[in-house]
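Take a look at this single chain, the form predicted alone, given in C-alpha cells.
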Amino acid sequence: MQSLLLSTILAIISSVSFSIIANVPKRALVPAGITGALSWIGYYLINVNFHSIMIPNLIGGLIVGIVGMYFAKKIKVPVIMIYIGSLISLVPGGMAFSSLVRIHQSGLVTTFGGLFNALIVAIGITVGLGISTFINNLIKFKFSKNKQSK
C-alpha cells in the first residue's frame, strides 16, 4: 500500500510537471494531476492482479479518457490539455529506451522483444482512449436524441 501511495504522488507530480513544460493553461494543471493520479491507481491495481502488459495500460487509458473528458468539459479546455500531462506516467518511453540501449548487450532478439512490449503498451493506451471517446460520443448521441424528441 505504501508503494501505491508513493507512486500515486509521483504520478501527480509528473503529470503536473509535464503539463507545465507543455504550456498547458494553469486552470488545467490540477485536473491533469488528478486524472494522472486516477489513471495510475487504475493501472497499478490492475497490474498487481493481472500481471499483463496490455490490460493495465488499456484501463489506464480508459480512465484518462473518461476523467479527462469530464474535466475538459467542466473547466472548458480542449481535452488534449488534460491528456498531455495525464498520460505521461503510462507512456512506455523508458521501456523503449532501455530496449534500444540493450541492443549492444543482449542482441536484436531481446531488443525487438522490448520494443514489441512498448508497442503493445502504446496500443493498450490508445485503445483505452478510443473506447472512452466512443462511450462519450454514444452518451452525447443518446442525450441529443432525447432532447430532439421532447
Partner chain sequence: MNQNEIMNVAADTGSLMLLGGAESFRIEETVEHVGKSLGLELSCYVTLTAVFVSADDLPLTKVVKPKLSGFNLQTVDEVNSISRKLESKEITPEEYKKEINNIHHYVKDYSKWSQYLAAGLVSMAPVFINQVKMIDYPIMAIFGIFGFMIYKFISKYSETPYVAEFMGGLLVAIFSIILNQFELVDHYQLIMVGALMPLVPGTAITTSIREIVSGHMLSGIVRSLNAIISLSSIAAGAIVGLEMIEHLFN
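Just so you know, these numbers come straight off a predicted model, no measurement behind them. Numbering follows the first chain given and starts at 1.
Beyond what is shown, the protein has a form predicted together with its partner chain; the following relates to that form.
Are I53, Y70 and S132 jointly within 4.5 Å of its partner chain in the predicted bound form, each by at least one heavy atom?
Spot residues vs its partner chain: no contact at all.
Considering non-hydrogen atoms and a 4.5 Å limit, does its partner chain approach G114 in the predicted bound form?
Judged by the heavy-atom cut-off of 4.5 Å, G114 is well away from its partner chain in the predicted bound form.
Any of the heavy atoms of S3 lying within 4.5 Å of its partner chain in the predicted bound form?
Heavy-atom contact with its partner chain at 4.5 Å: present for S3.
Quick one: is S14 in contact with its partner chain in the predicted bound form, heavy atoms, 4.5 Å cut-off?
Within the cut-off, so yes.
Heavy atoms within 4.5 Å of its partner chain in the predicted bound form: does I41 have any?
The answer is no: I41 has no heavy atom within 4.5 Å of its partner chain.
Where, within 1-37, is there a heavy atom within 4.5 Å of its partner chain in the predicted bound form? Residue list please.
Contacting residues: S3, L6, S7, L10, A11, I13, S14, S17, F18, I20, I21, A22, N23, V24, P25, K26, R27, L29.
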